[in-house]
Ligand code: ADP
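The form predicted alone is given below as one chain in structure tokens.
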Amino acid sequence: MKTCGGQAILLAVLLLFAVSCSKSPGIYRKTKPLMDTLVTITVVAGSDKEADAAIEKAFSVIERFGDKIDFFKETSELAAINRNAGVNPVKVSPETLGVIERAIYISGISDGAFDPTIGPEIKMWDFYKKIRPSDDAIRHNLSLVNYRNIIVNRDRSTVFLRKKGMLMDLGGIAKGYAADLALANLRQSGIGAGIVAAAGDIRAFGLKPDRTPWNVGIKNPRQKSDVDDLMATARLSNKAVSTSGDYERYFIEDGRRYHHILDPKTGYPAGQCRSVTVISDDGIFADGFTTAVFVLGPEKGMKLVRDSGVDAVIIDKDGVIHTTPGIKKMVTFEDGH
């Protein structure tokens, strides 16, 4: 699954602007390193001053949320939950409670294909140093992975992990939720259109000054050069898009690709897909569903997204493209698919 820690990942989804900022004075953009990646916020505003004030407020919202759910930060609320696994419930903020409740929901409808308690497995892998844990270690930690052992008390605003040694990692859903929080803040600041892009998690709202949707590129998971190769372009307004791929953090060993999207039931990288792109109304669901669908594979994954009313583009392990019917209205493929 996607994690909060580590270096900024290679963008799975690239922002495309039909009109550059220099030629369209109504469009303003800033980028800042947050949540272990680069976050870019683009807004349509009447002046640079108005845009800058709104963007900086939205960055602050992302930063505060990121600090609360940082897997590696000892002072975070998430770290407190993990330290107290099997011991005590931990009182958390509404934002942390909200993301955890949604994570449990996605875990339930995906039958655990998405599971935020994957932490004990994730911490053993290092895709930068090409470290693969032993089979015995992977099997041993599987007993600690089960979203059903997350106990949420909404009235008391507490979260409790039932078993000692459990570790919750919200990296597979946090950036999408951060984009949702930032967008809500931008609207409170009077911004009517723009994009929040946190790596491969993008939330678009409103229209560009020329009254057209925002264009978002979907990356080819097997690009043949260092130059970003797009396989499709999505046209979005008031939608979120997220992409997960086996090319983001990986290494090859004995001809096998080991990547960061782990199957919670096995502890090993899921092997049925190359990439999954999900388009939904909310960033948190787009983010969480990409992981769930990637683990489930094209057949079960397509059933999940259709039953849930979201749209998806799935590139399976053989490079075959699978899409929901609604994708045709929003996405144009480079090869005319």
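The first residue of the shown sequence is 1; numbering continues from there. The structure displayed is predicted, hence computed values, not measured ones.
Form predicted in complex with the named molecule: not shown, discussed below.
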- prompt: Do T291 and the named molecule share at least one heavy atom pair within 4.5 Å in the model of the complex?
  reply: yes
message: With the partner left out here, check for me: in the model of the complex, does some heavy atom of Y177 sit within 4.5 Å of the named molecule?
response: no
query: Are any of the heavy atoms in K73 no more than 4.5 Å from a heavy atom of the named molecule in the model of the complex?
result: no
query: Is the gap between K208 and the named molecule in the model of the complex 4.5 Å or less for some heavy atom pair?
result: no
- prompt: If contact means any heavy atom within 4.5 Å, which of 92-100, 215-223, 167-175, 186-194 contacts the named molecule in the model of the complex?
  reply: 167-175
query: K68, A85 and V159: each with a heavy atom within 4.5 Å of the named molecule in the model of the complex?
result: no
query: Looking at I261, I81, A240, M231, which has any heavy atom no more than 4.5 Å from the named molecule in the model of the complex?
result: I261
task: Please pick, from A113, L181, I150, L236, the one residue with any non-hydrogen atom lying within 4.5 angstroms of the named molecule in the model of the complex.
output: A113
